[in-house]
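A single chain, nothing else alongside it, follows as structure tokens in the form predicted on its own.
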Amino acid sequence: MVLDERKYMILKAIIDDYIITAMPVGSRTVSRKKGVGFSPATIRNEMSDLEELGYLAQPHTSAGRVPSDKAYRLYVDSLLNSEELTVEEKKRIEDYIARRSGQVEDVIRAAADILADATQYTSVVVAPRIQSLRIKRVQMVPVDENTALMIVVTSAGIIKDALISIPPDMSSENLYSISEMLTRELKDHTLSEVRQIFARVFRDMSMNRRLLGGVMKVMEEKLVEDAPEDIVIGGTTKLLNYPEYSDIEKAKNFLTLFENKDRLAGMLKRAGGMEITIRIGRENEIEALQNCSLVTATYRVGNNASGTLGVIGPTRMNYRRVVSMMEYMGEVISKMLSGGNE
């Protein structure tokens, strides 16, 4: 059944009130709202219809109604208007992130902190996959006569290092020359492209093949395949301030969620490529999130790498503010990590 304009208006008024108060909303409360213009009796009839349609629930007899997940989905898809951030809010975000070094680890930590603080919900930020970042420099530094430290700097400022074996007669000058050659050959290519490039380098070089083979193996196995999922969580306990999580069991289940960061990161990564996604209640695949809403947004590093921002809050979260905040944060982070490292 398609809701008529009156039902839309009443449902939106109930959701707007419940987002603020977390208290069941009655017909008299709705009738007093500016622009509604219907009597409490008319509103009660409409609320009964909305309850039958699955948009409202009545937690107690004679109590007001609360929105269902279905109501929030309609609200998000049809009734939600974006909320413009103030000039002060935008400047605060820009200044806070700009004070970081431009290294992606610092930027995503700053993003998680300010996102949690600005929304008063829990934030999750996933770094770009290292396989998709472009190489800017390769440097090998001798540690002892048999070992060198290989350092790889990427387009997002991510620095990865690993120890490699070197021939005992390898001089510092030779290591420097090989480092320069690798930088020339690998610059602006992704880590996932190293095998193809090394195959060509092997054909062109008759010396140091053993060393180059070790370099390729380390880059593939240690820097790419074994790269941990970089995920930062901000405001872990902020949701415990909301009445929905006053129940000890609910709070425990929610906090347990962050013990398995890989699973959480995997869910956020599946939203990659979409500017904004909103999962409400049972739309979330993780059981601990089925009393929550998860809003995600994508940010980019250059043209090929992307990461994810996420905000976790109660299903009655202030979607307008969260969506606006996420969109702007995505723009700021993308600009900093891309423009600052070209």
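Note that this is a predicted model, so its numbers are computed, not measured. The first residue of the sequence shown is number 1, and the count goes up from there.
Keep in mind that the form predicted together with the DNA is missing from the display, and what follows is about it.
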From I333, M326, I10, V25: within 4.5 Å of the DNA in the predicted complex by heavy atoms is V25
Go through R282, K70, R300, R44 and name the one with a heavy atom inside 4.5 Å of the DNA in the predicted complex. R44
Taking the DNA as it sits in the predicted complex, is Q58 in contact with it (heavy atom to heavy atom, 4.5 Å or less)? yes
Contact flag, G313 vs the DNA in the predicted complex, heavy atom cut 4.5 Å: no
Using a 4.5 Å heavy atom cut-off, state whether G37 contacts the DNA in the predicted complex. yes
Heavy atom of A63 within 4.5 Å of the DNA in the predicted complex: yes
